[in-house]
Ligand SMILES: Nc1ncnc2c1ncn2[C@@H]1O[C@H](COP(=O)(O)OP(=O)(O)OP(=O)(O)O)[C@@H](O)[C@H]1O
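The chain that follows stands alone, in the form predicted on its own, written as structure tokens.
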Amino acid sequence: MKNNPFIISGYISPEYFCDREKETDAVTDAIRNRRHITMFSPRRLGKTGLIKHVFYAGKNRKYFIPVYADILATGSLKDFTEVFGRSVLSALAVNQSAIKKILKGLASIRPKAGIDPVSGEPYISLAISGEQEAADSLDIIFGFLRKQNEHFAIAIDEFQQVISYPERNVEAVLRTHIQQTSNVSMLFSGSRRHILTGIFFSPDRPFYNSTQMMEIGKIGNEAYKNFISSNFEKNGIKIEDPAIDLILSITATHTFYVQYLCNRLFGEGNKVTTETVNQMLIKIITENEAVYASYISMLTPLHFRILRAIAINGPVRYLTSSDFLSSNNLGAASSVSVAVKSLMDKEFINLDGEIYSLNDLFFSSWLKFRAG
């Protein structure tokens, strides 16, 4: 049975990773020269894959010890410390002697060792009871890191989540710990650009000018065309050039949607044509109609009309121009501006420069399809 080369979650190896050579070099250079870096891009464009790609090479070459912590599901300093602590300590728990050393060194915060049921890897977890214990635990964890001889690269994914915590001084606490820990290179990443730039560009914030900033864009068409073509062909599946062009057009070269559409097409036979691609797109959006119906139930009539107008007209530059408003029955520009801000906050709409598009490209295709 063939392994599907179009991965839609997780990271396996460089063989399954498309391009990002310049970005990989830039992040690796920052880590090796002990600079902190902040990466931002819309969701599912490949930030996490890039981090794990860099970590894969760095770990294999023993440049640094990689630590990855996704804090999207956290809602407090306590949650953060549990996720962060587990990620850091589990990265060090490579064998029984290392685990014993960690447990002994951190006895005051009662760490527990176990085996991850999915990966089979050893891990160390923390059970923290409140804000003060979380603060104390962070002191101990960063102190433990400073005592190590190794260089660490620590990625905190969806870092913008920290501003939602009820504790008021989280940014200052983290900044102080990081400043005092010279053997750590931090990688902050997230999908809410305006929040991240506020954290790192505002002069009155603790992280002001403390990291190198890096925007992750889309992979180039030519690189993705070569990646798609070679992965189909080496597995004995003929894919026509117009079919590849159609895939990249439908998905706007957005990493997740390219990977997902190609993943589905990979199992459809020994030849992929434009007709195959169109049939698969209809199949995907039909499968997700219940999801799209739930989206619509969350929207006001004006919200829905705006999303449909963007979907039908393609990426739009001037949402409040008189021509666009009148041709799409959207009403007053002031009302549309307020609605667009709400849709952006809810992550239905993405703004790239001056261009507005829908975040969910399959939902966009469904709206266009339903409009006839």
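Heads up: residue numbers just count along the shown sequence, starting at 1. The shown structure was predicted, so the numbers you read here are calculated from the model rather than taken from an experiment.
Not pictured, yet referred to below: the form predicted together with this ligand.
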Examine residue 48 and determine whether its closest non-hydrogen atom to this ligand in the model of the complex is within 4.5 angstroms. yes
Any chance residue 255 has a heavy atom within 4.5 Å of this ligand in the model of the complex? yes
Residue contact check: residue 82 to this ligand in the model of the complex, 4.5 Å heavy atom: no
Using a 4.5 Å heavy atom cut-off, state whether residue 44 contacts this ligand in the model of the complex. yes
Work out which of the listed stretches, 276 to 284, 135 to 143, 219 to 227, 179 to 187, brings a heavy atom within 4.5 angstroms of this ligand in the model of the complex. 219 to 227
Answer key, this ligand contact in the model of the complex at 4.5 Å (heavy atoms) among 348, 356, 362, 16: the residue is 16
Heavy atom within 4.5 Å of this ligand in the model of the complex: which of 191, 288, 161, 211 fits that? Just give me the one. 191
Hey, which residues along 8 to 32 are within 4.5 angstroms of this ligand in the model of the complex, non-hydrogen atoms only? 8, 9, 10, 16, 17, 18, 20
